[in-house]
Each structure stands twice: as structure tokens, then as C-alpha cells.
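So this first bit is one chain, no partners, the form predicted alone, shown in C-alpha cells.
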Amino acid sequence: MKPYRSLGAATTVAAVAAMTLAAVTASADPVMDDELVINEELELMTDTPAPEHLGGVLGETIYSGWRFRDTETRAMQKDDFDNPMFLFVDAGLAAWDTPEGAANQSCADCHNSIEDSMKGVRAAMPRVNADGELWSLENYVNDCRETRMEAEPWGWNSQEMKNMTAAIGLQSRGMPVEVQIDGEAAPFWEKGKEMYYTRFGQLEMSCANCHEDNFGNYIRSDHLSQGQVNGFPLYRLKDQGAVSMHQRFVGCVRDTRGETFAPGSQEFRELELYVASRGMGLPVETPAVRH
């Protein structure tokens, strides 16, 4: 995918997009008179001091996307029985114990209890693997399926993959996002940052145009958040189903009328690392509920 360019047209299109954005936005602060308490016992922090590496671009505080949702949506995430994403979590938990592939192995055969072995994993994803490659949680799942279970890999946005990553992500719920951005991870983080600020598509818009410059504003009926990803995979009411992080990346790029990268691509994994780093300190909310 490359930023949209045409002979003299890009500037005009961008100007029209900017005027349209200004015309349809209305200011509204994140909700501050509510707290995210799961099942009346697990309180999750939904705002925290912004990481120093952001250099103040989001001000002094970062906010969970939960604070930008309406009352009904916020309430759905407060109770696991009301949270529709748990249908998919339960399917993932069942798959954890199900033998598959030529090796007739299950995840539990190697990792034992998901509660113990997967605690903290989601909070540190994506990360650099032993071969120096940046891998997301989905890469690790498929590596186990292919090398240990001798089973077919799952599609990045397949229902089976979203079920499993939601079940694994749940084990880190409440733990702060803490991805590595220095050392061997630094080159990937820098590329992700570059992509975040690159304008794409006919509308020539970047991730930052919405989630940095306009968070807190309404565009049509959508209350723009800071684009934090600590709740993925999550249940999206608009889609009436489970949605992965890369699925939303694809949707956002397409909203710019641009050609998107593929889910699971190197580019999106680098973007995932950078976006995750913007929410360092916020707790994992998987499985969250959003619009």
C-alpha cells in the first residue's frame, strides 16, 4: 500500500476531506463519571499518565476506548454474562483442550492450564521472537498448530483464530500493556510509528488525524477515541461479531479510500507494535465491547 498520489489532485482531495471533517465534528470529552468494574469485583483503570515516549502528543493522560462509548455499551463490558464476546471466548477455551492435527495434540498437552501458562502473554504482544522477527499473538498460535500439532494454520481473521486469541487475551485482563520498543524491537517500532503518521488513500488521512488530532470529537455518530488497542480482539456492535486488531486496521485504511495491507502483514505487525506502545500502562481489557 502506498499513499495516494495523482497529478495535482491530492491536495484538492485532502482539502475537501479536511473541510468535511471540520464540518461534521462536534466536541465531546471522554466519559469521566463512570468506572469499569467487571462483575462487581475487578476494577480496571481506564486512564493513566501518557507514556513518555509519546512526547506529549496525547497530552498528559491516555484513555481507554471504553470511556468514549455510550452508557449501554459501557455496561455490556461490566458483566461477563452480558458481554457477547464471551461466546467466542468460551469457544476458544474449548479449542484449547481439543486435540487436532496429525500429532493429535491440543494446546493443553504442551501448555497445560491456559490460566497459568498464558497469563501476561497478551500484555506483551507483539514481540520479537527468537529468530529476530516481530510476531503477533496470531503468529505464535499458528506456529504451535503447524510445528507441534501438525495441523493446518488458521486464517488471521478466521473465527477460530479470534476465539483462541480472545481466550488467551482474557488471561491477561487487568495486567498493564508492556510491549518492548527498544533494543531489537526498536526498528519495528520506528516503522510502525512512520506508518501511523503517513497519509493514505484518496482522502490523504493518517491514523493520527483521527486518533490524535480529533479524539473526543464526534464524526457523524462515532465518538473518536485515542485508538487504543488494549481490548482486542473485541466485540464490535457494528459488525455484530468478534473483530481482530488487524481487521480494524484494514477498515480504517479503507475508510481513507486507500488500498490496504493484508491482515498479518509485516506492515500491520509493525503498526500493531507502535499502537500498542501508545497505550502502555493501560490494562488489557480483552474481551472488550465497542461500537
Ligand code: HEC
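One-based numbering along the sequence shown. As the structure is a prediction and not an experimental result, all values here were calculated from the model.
Form predicted in complex with the named molecule: not shown, discussed below.
Exercise. What is the one choice in Gln159, Gln180, Thr73, Ser106 with a heavy atom within 4.5 Å of the named molecule in the model of the complex?
Worked result: Partner contact (heavy atom, 4.5 Å) among the options: Ser106.
For this session: Please pick, from Cys144, Ala185, Met175, Leu87, the one residue with any non-hydrogen atom lying within 4.5 angstroms of the named molecule in the model of the complex.
Result: Only one listed residue qualifies here, and that residue is Cys144.
Exercise. Quick check: do Ala123, Trp189 and Met280 each get a heavy atom within 4.5 Å of the named molecule in the model of the complex?
Worked result: Answer is no for this spot.
Exercise. Should Ser206 be counted as a contact of the named molecule in the model of the complex, where contact means heavy atoms within 4.5 Å?
Worked result: Output for Ser206 is yes: heavy atoms within 4.5 Å of the named molecule.
For this session: Would you please decide whether Ala166 lies within 4.5 angstroms of the named molecule in the model of the complex, comparing each non-hydrogen atom pair?
Result: Answer no; every heavy atom of Ala166 is more than 4.5 Å from the named molecule in the model of the complex.
Exercise. With the cut-off set at 4.5 Å between non-hydrogen atoms, does Lys78 touch the named molecule in the model of the complex?
Worked result: It does not: once the named molecule is placed as it appears in the model of the complex, Lys78 has no heavy atom within 4.5 Å of it.
Exercise. Is the gap between Leu170 and the named molecule in the model of the complex 4.5 Å or less for some heavy atom pair?
Worked result: Result no; Leu170 lies far from the named molecule in the model of the complex.
Problem set entry | Sequence-ordered list of residues in 59-82 near the named molecule in the model of the complex, where near means a heavy atom within 4.5 Å | The stretch 59-82, when checked against the named molecule in the model of the complex, contributes Gly65, Arg69 at the 4.5 Å heavy-atom cut-off.
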